[in-house]
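First comes one chain, alone, set out as structure tokens in the form predicted on its own.
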Amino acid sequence: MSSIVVIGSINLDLVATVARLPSPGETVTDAVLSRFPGGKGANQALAAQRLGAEATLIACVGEDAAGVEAQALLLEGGVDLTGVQTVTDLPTGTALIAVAPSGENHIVVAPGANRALTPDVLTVPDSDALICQLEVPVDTVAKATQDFKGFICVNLAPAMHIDVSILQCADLVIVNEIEATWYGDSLSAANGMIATTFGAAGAVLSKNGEDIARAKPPRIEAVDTTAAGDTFTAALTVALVEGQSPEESLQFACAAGAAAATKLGAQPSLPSREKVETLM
């Protein structure tokens, strides 16, 4: 079993299920409100654990009830939380999510305690792989990728300016089509593989400007796509670290991301390995 350490965010997701997403300046009513544990870091750690890895999460939460609630499924799922720090001066991160019947969503994140995961408090244990995203300070991600000795995956989400060293250190960079457009030619600085996702149209894995694998997800009825990208990230990392080929790994990741879109909520939707393999 491979070991994966995830450095990233923990949020409590407030999810409003609506008949349709509002246009700018518009109010949509009659929503149904739910609460789910979330955050890209937490989602990716729990996804990796459910997909067969031993996952450790390095993160920060506030000293509040939301912090306890946001860690509940991580704890239940067996993720190592010894690296999660509680801070007293910031609340637990919160994500405000509107979800339409098609599964499409709008997300706004208030980072809160995630901002406290600064380089000076960062300790990264040895493991087979490291996964980072950008819902924690970019300087922290830069330090982690420079110091870590194993396989490094960086999910460049949400899109923002980063130090080029992050691209140069990563063995795997993951972006969706919107993020790929935002970063543009700067992605050419990546020394490793780049996975670009296109939702229901699938994903492409490339290296040095050439495609090395393509895959499409199985057909599913989408309910909520909130954690699909996080599941894809965890699954692709797990498969590659296990030694699966690029083609096999990308197909596994596409199936895992699709499976995560079949249920409402971020962490409740994260699939088991058995479910993904059955869907494939």
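Residue indices: 1-based, along the sequence shown. Remember, predicted model here, so these are calculated numbers, not experimental data.
Not on display, but discussed next: the form predicted together with a small molecule.
Visitor: In the predicted bound form, does residue 162 come within 4.5 Å of the small molecule, counting heavy atoms only?
Guide: Taking the distances in the predicted bound form, the answer for residue 162 is no, it never comes within 4.5 Å of the small molecule.
Visitor: Quick one: is residue 233 in contact with the small molecule in the predicted bound form, heavy atoms, 4.5 Å cut-off?
Guide: The answer is no: residue 233 has no heavy atom within 4.5 Å of the small molecule.
Visitor: Taking the small molecule as it sits in the predicted bound form, is residue 266 near enough to touch it, meaning that at least one heavy atom pair lies within 4.5 angstroms?
Guide: Residue 266 belongs to the contact set for the small molecule.
Visitor: Evaluate residue 109 for contact with the small molecule in the predicted bound form, applying a 4.5 angstroms cut-off between non-hydrogen atoms, and reply yes or no.
Guide: Residue 109: yes, in contact with the small molecule in the predicted bound form.
Visitor: Within 4.5 Å, heavy atoms only, one stretch in 250-258, 59-67, 221-229, 45-53 touches the small molecule in the predicted bound form. Which?
Guide: That would be stretch 221-229.
Visitor: Just to confirm, with a 4.5 Å cut-off on non-hydrogen atoms, which of 169, 97, 172, 134 contacts the small molecule in the predicted bound form?
Guide: Spelling it out, the residue with a heavy atom inside the cut-off is 97.
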